[in-house]
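Next up: just one chain, as structure tokens, the form predicted on its own.
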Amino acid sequence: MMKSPFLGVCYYPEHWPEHRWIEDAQKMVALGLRQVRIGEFSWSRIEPEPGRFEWNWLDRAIETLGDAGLGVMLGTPTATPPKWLIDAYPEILAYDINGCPRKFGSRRHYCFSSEKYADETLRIVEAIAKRYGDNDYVTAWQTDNEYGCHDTVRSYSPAAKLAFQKWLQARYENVNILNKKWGNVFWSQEYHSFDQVDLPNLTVTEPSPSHLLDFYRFSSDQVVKYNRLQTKIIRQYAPNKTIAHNFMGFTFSFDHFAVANDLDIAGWDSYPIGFLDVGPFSAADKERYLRQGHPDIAGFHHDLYRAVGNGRWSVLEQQPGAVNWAPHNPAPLTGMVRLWSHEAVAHGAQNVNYFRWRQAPFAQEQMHAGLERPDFKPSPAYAEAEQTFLDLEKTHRNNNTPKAKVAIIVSYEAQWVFEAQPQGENWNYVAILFEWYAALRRFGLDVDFVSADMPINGYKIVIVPSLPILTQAQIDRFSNSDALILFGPRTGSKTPTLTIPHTLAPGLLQSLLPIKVARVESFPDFHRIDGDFDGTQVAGHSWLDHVESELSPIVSSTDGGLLYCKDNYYYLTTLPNEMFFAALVATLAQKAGVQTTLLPPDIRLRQRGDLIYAFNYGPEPVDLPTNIAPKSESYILGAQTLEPAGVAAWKIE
């Protein structure tokens, strides 16, 4: 049984001569690694021709790795259906939004709605699970690989069209109900049967937002259904083994909570520098954190997937060096691979797997670094992984991640609503989640993410950046909570079929807050809505709800109220700038009795068990504030002065 937290690595034995396997396995163990993740892209080697299985090489690989003392996480190879399968059944392919098939020659080239691919998935997963389900060396399984990567959740194939029509019929039963719920009288969009409903692409102008939202829901449900198909087989043949999936960063095209209901562990693939380069960050942030990644990219996803996995989560791929897939691919600052590893542990990770053991000298990822170079020599990350293992021997106390005092409610459906009807090109739900999370972390606060359907008992402050579709069950949870609850703009603004509530926004929330949104505006980036918050000049941006209410606003502008409050409920009519949100967090924390410490911009804190961790994401040394720094003899790792990429950890006094 492996002690948690532990380190692992991703490995591709099929990429290397067999005589290398035993040497690689021995070096992994000597480095302190305890798990090796294999197999997720190996279909063409397992089944080179239809029905002809080649197991011997995989048998020997698992035995070699296991004999060396490594637990094997075995992936199902369904992210890469082989050429012979595509040639035999081209209907397996997904179609892009322009109606073109996404051809063989890369990966993730299948449609979740293909019934033929579901059959082939059952066949290959059953074959693998039968062979290795009771293998003692195979300690864990991974389904597929990175659902949603390369924009592959939403397919516009003929198979997706038929499946969508069936999904709609099951949801609405009668096409006249669909017409009414979608408002299809508008622009003569009424249907006489479900088989008339097309996919919402290639229309002259924007499709019906209700049509889009249901297509996004359907597409998410297809991922859930497909993943469940695999987990049922694995549980049949490997009933006592852990099942995981490796989710992606900043990917909201399907509901991760729903997928994780069928998993034991939520994994994610952490590439902080790559995500910085492709993310909606300022040029100044991209320059400052060029080799480190933004201070909140990793933490945001650690806390998100901790919630998705109901406390059980891991980093299944950790960036070890320069990647190959971003527009620009700088190498990490010395020490960052160690910092990222400890930060994952601090947020509650059960393990951290580095991607990958050795850089491949061929194919699409030949420029992606590993712990070893292609010439079998150590890369810079090798020594950092070794040091992390030694550090963990010092910091391992217990595995508890305490419940935070602050929670953020996250909704994948909210993202789909705003995709379907943004009403302003710079409204970005995921960016709002991230910015508000980062602002809370700047105050030294640990943060829990909570799905819109989870209890909120025990939290002092609950942040709802925006929840456009509200249910009565959610209102009841808000009503029964003792927390201070902050709602962002557009909350309660839509019905479940993406129409305006008959009482106007914020819909059901009006039972708690006597406000009515009479009209809304969205603005370009350069426009600011100035206001005064207890003597602090603040501003909103991007959006404004114009509210009718008997309540007097706490913060006003010449355009109208920006912040309203009744009892424990607060409502923002705009997106606050940094100063505005900081003043609001300070006010809420003081009222809720939550202690805060405004940290230096590059420092982040996190508690795990009886340890406090501190991380320096900046390019210069930073002294920890004296009000949080412990006595010098209390440090288990580091010291009060954190060098760039520095890590400190101390026991709570």
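Just count from 1 along the sequence shown to find any residue number. Computed from a predicted model, the values in this text were never measured in an experiment.
Quick note: we don't show the form predicted in complex with a further copy of the same chain, though the next part is all about it.
The three residues Q169, K225 and G249 each lack any heavy atom within 4.5 Å of a further copy of the same chain in the predicted complex. Among K116, R373, K130, H396, the residue placing a heavy atom within 4.5 Å of a further copy of the same chain in the predicted complex is R373. For the options G444, P101, G335, G279, the residue carrying a heavy atom within 4.5 angstroms of a further copy of the same chain in the predicted complex is P101. Note on the interface: of 134-142, 116-124, 280-288, 215-223, the segment with non-hydrogen atoms within 4.5 angstroms of a further copy of the same chain in the predicted complex is 280-288. When a further copy of the same chain is considered in the predicted complex, F53 lies well away from it, no heavy atom lying within 4.5 Å. Within this chain, Y613 is remote from the site of a further copy of the same chain in the predicted complex, having no heavy atom within 4.5 Å. In the predicted complex, none of the heavy atoms of E550 sits within 4.5 Å of a heavy atom of a further copy of the same chain. In the predicted complex, at least one heavy atom of V185 sits within 4.5 Å of a heavy atom of a further copy of the same chain. Residues S188, Q189, E190, Y191, H192, Q196, D198, L199, N201, L202, T203, V204, T205, E206, P207, S208, P209 are the members of 188-221 with a non-hydrogen atom no more than 4.5 angstroms from a further copy of the same chain in the predicted complex.
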